[in-house]
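Same chain, two forms, each on its own as structure tokens: structure 1, then structure 2.
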Structure 1
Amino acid sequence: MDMVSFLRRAIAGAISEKFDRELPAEKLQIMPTRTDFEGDFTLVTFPLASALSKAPPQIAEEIGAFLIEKYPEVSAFNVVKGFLNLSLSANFWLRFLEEVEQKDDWGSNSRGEGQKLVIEYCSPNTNKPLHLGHLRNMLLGASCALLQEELGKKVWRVQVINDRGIAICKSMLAWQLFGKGETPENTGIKGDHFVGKWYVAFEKQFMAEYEAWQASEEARAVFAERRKKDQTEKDFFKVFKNEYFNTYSQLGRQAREMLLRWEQGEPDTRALWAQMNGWVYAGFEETFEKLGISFDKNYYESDTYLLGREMVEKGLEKGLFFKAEDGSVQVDLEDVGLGTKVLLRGDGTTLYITQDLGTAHLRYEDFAMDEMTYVVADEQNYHFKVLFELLKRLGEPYADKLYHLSYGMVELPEGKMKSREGTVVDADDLIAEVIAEARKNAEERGGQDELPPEQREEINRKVGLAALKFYLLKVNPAKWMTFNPAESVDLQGQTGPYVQYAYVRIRGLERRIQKEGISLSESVNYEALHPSERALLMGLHQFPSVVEQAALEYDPSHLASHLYQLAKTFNKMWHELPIFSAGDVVARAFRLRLARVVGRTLHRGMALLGIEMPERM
């Protein structure tokens, strides 16, 4: 039962009856009453003033009087300026509670029924381990996927893996040159970290080579000839690095040759590539599992870039694109303000955008989806505008339902993460750290001593991960956020563990209900609704629309705020009112039933954020 639509109909009826005006019910402005006023819902009557040609307070008075007379569901009203505050009867709320109790899918709806969605999140490179940025990406993607399912959609989770190119060749080369037969197995290093280590080793070796070169005659000559006015030697060589890699560097030459051999399909190179990427995937998989993240299918750039080329060639035949003098294929997007974009190089090789075209089409062949969402950082906004425009022009069937969930970067209190300065926060380290913090806290608090160690560790895992996930999800995705390590492991205040704690209290009540065999049927006539009970019912009532809003806006932060709010309201009631020890059996039964539904809602809501709930903590 939706209280708001009930009130809309009732108020539209009142207006028709008392003012002889027909106003569409959905146009009425109804909102939850501010907590510092008496009432459950508020009608704003200012917008009605001109249509009804009366002063707002008077309109409010008349509607209020009408409602209270005609509807037993409305128990009281008061008017403050043009605001009509309405209280609903305890009986009405009780019926609402019963309804929620009977629905085990409270919060879901069916407005997306029949729709098929592919959602891409987490697009790692294979030369580096996952970091904090990937965490925000994955958690957002995973939560949004669940929220879309809550709308009744069929959802497939996919990722795209950038598994080829010069970067992975650097790791391969460094391992070949200096690896001395080391493997993840014989060193005990996690696969993705292992490969990342060789990438770093390459960069280090390359920098050493570069610095040595800078002292050479050749370098001096280049500097003398190419320096800009007033440019110091240091500045010059900083900018010159890429060119050095491509023209003078020994290591650079070897890496490029390796890339060439890869493209030609040379068996040894391909085997080495497959082996190193295999190590990386095993490492990634471990991290995904720790986070409770999974994918229905992985797409590899190495599989899709050729299909992308075919699509561009087809577009060229159809006259959508044009061939430039140098043989490259380009597209003119000036008319939509996106400039001119190169789609294939003169030598026929593909670009970033080309492979994304292929990947998109391949997904359609796999799933025949009618929508696709990409969860990718906001530095790629332009890329996705171009991609979506191209898919539209190519006539892809899902092209009018493409969405880029563009999320902001995660920064540290000291500023941006920089791999060169070693300030990148590693995903695995962070996960371990939050769990360790939860463990430390649990030990300080005591109270877990009677539990077996594995159970304790399971709780600490859930609490630690809840802290991390909630911390990253409570912020609006569009915003750049500051990641404060100390705050992220915090277990108090506006955090995941706070919500878990409210839930754990409720589970404690539940265990007592079972143990003592309490009957909860006495509450059918509970009349004396306490304000904090009312507030909890309000929170429950809003839950489905919050879930819907979070899903439609691709913004789990709405849900996170609401769950925090609900837990807070419960904790307040916990302190204000005796629940189990309530003297009155009717009150006790009612509060227990209410608590039970709140617990279920917290559990379900946190699950939509990808957060697990412990039974005790």
Structure 2
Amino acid sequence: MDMVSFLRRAIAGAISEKFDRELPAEKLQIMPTRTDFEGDFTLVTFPLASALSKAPPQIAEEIGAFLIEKYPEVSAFNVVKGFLNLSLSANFWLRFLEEVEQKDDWGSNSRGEGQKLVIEYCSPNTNKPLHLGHLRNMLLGASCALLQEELGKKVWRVQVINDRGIAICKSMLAWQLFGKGETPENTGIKGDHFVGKWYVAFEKQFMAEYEAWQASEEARAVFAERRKKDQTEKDFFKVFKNEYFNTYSQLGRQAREMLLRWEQGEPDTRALWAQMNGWVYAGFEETFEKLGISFDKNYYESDTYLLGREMVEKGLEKGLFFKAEDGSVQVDLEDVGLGTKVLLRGDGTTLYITQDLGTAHLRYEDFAMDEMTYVVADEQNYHFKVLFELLKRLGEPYADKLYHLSYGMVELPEGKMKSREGTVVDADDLIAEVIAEARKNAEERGGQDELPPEQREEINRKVGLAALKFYLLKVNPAKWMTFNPAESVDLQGQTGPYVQYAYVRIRGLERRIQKEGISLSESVNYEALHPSERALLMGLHQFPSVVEQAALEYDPSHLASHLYQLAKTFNKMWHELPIFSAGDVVARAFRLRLARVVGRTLHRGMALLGIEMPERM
């Protein structure tokens, strides 16, 4: 029952009859009444003053009186300046509650039916394990995919695994030079962590080599020749590191030679690459399984890095691109404020943008999608503006329905993480930490002692993961954020466990209903709605529109915030009103029905955030 649509139609009819004016119902401004005023919905009458030639308070009084007289669904009204606050009857809310009870798909709609969407997220590198930044990416992507499906869309979840390049060769080379036959199996180290260890080892060896080189005659000569005016040795060598790697470093030379052998298909190098990537993939899958993350298709950079060359060459033939003096193919995007972009180097080699062009086209061949969304951090904003503009100019059929879900970095209270220095917080370690925090809180709180150990641990797993997921999703994606593991499991804050606790309370009520065989049919006679009951009904009514807003804006934080408020409102009713112990059997039946629907809504909403709900805590 869409109450806003009902009120719009009723008010438009009132305006027609009382003021002899026809105004579009959809233009009327109706919103939930502020909590400090009495009412359920509020009509803003100020925009009507000019058309109806009356003062807003008078318009509000006349419309309110008309609705009370003609519509039994409207039980009362009050006017505050130009705001008409309307209260709906208990009977109206009871019919709404009954409708929600009968809808298994409460919150979904069909506005996206027939549309096909590809959403890319995660897309890790195979030189290191998944970390905290990947967690925000994956959880955003997974939740947005679920939300898009609530609009009726067909959604495919994909990722590009960056499995080639110089960074991958660094891990390979370090293991080859220093590994001494170690493997994930004989060390007991998870595969992606094992390979990441050698990436960090390479960087440490490289920095030691670099620091030793800085004391050499060659380094002093380079410094004397290349330094800028008044530039210190420390500042010079800080920015010279990449050039050193490419020109002077022995380790850098070995890594580049390994990359060349890989590109030439040299069997031993390819075998080493396949072996180490295999270790990483096994580790990734273990983490995905912990998080409930899955993909419909994986794309691999080793398969896709040459894609797009043909598209660029065709664009060159059509005059969309141009060849520069150095032989590179470029595109002039000055007219859209994006400067000039290289698409193929002078030696014919490709870049990330070339690869992404080809991968986008390949996905269209795979899925014939209407839309494509990329979940990638905001440091790549320019890249995706260029990519989308190029796909438009190339005439790709999905080019007008591309979206970059640009999200801010996530840090820990200790500060920014750095992969090369080994200061990144691994996803697995963080998952283990939040589960440990949940376990610690449960032990301090008590209440699980009678449960078997495996059941307690399953509850702790659900609570810990809810803490992690909710904390990362409750913040608008565009904002940078700090993740605090201890704060995330707080049962009193805006957290996943807080929402879970409200749900667990409701499940306890439901178990008593079943155990005692209580009938809820008396609730049809309930008339005196308490403000906290009305607030809960309003929260339920808003749920579908919040889900839709979260989906359309690719922002699960709207849903997380709403679920927290719904849980908070339920807890308020729990403390303000007797529910199971209500002396009035009619009130008890209504509150139990209301609680049950709130529980189903919390469960459904949290599932859209990728969060499981425990039966006990």
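Every residue number counts along structure 1's sequence, beginning with 1. Everything numeric in this text was worked out from a predicted model, so none of it was measured. Think of the rigid core as the biggest set of C-alphas that the two forms share within 1.5 Å after superposition.
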Number of the structure representing the form predicted on its own: 2
CA of K297, rigid core aligned, shift of 2 Å or more between structures 1 and 2: no
Flag for G181, CA shift 2 Å or larger between structures 1 and 2 after aligning core: no
Core-superposed comparison between structures 1 and 2, K318 Cα displacement 2 Å or beyond: yes
